[in-house]
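Heads up, the chain below is alone and in the form predicted on its own; it's given as structure tokens.
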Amino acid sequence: MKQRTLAGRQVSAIGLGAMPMSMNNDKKYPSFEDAVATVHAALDAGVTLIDTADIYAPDGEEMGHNERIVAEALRTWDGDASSIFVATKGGIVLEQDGSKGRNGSPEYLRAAAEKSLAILGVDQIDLYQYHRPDRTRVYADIMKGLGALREEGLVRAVGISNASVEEIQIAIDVLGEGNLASVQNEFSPKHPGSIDELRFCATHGIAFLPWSPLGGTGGGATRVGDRYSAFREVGEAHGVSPQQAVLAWELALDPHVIPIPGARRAASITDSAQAANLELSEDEVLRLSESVGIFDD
């Protein structure tokens, strides 16, 4: 498995997005045991980056469901769990009526981080990401609260998610150049709109983690080759799945890109992990980019 840099550490070029095992569009979930087995399959395939969040849970379940899967998988894996980089997120709240809200206050994020620490069973979170902007608060104030968590040692590194270029710049200004470890935005053939954020991150040496890099749960990832024929054709030329072609294309866009494809079956993440070693030609990368409306500046 090829490596990329995240928060000063080397991690696998393909990560595991653990969300679909606890939250997805068609509301079909593996058993806890099968979910743990899927994480084990990812680790056995060379994946060393796992992305989760406190809010990832089936409807009506308490927060932390997905983090518990990750914690149990690491506890029971027969490899070196200390080599695995776990990223989690906070800032989305579950209301009493089941709806979701947002809270970016320093008090809430501190409490959320402490709960994640306890569930994951670690002394320090490798990467703590602000999940979605709380538009009732000043973004810079939220970043100050996250910076305090890092300074106090609760989290090793800070990232943000679902952020605009302006918000990324604010995070850099508040945290200091080099202290924003990552940006996690939706990016895929279906959603190429975050290319500006990807390029901005590349300019500043910030890791860019595409979420739903294959098109999302509920069939988007499964049908990506049908919806985007160029990826199917490039995959066929290399004897691999269109999903591998998509991930290899994203990796080829910039060395700071680390896709985190979601999976709820071992076979899915095992296939995705192989994309780290798929080399595309410059012409293939250009063709795929242009097929989804991305052109060189």
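The model shown is predicted, which means the values in this text are computed figures rather than measured ones. Residues carry their position along the shown sequence, with the first being 1.
Below, we refer to the form predicted together with a small molecule, which is not included among the displayed structures.
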item	value
4.5 angstroms heavy atom contact with the small molecule in the predicted complex for L180	no
Non-hydrogen atom contact L43 with the small molecule in the predicted complex at 4.5 angstroms	no
In the predicted complex, G64 touching the small molecule (heavy atom, 4.5 Å)	no
In the predicted complex, G262 touching the small molecule (heavy atom, 4.5 Å)	yes
Residue (of W211, F200, F85, Y139) lying close to the small molecule in the predicted complex, criterion heavy atoms within 4.5 Å	W211
Contact residue in the predicted complex, from R110, R227, H204, R132 (heavy atom within 4.5 Å of the small molecule)	R132
Every residue of P20, K89 and N162 near the small molecule in the predicted complex, heavy atom within 4.5 Å	yes
Stretch in contact, per heavy atom within 4.5 angstroms of the small molecule in the predicted complex, of 120-128, 154-162, 67-75, 169-177	154-162
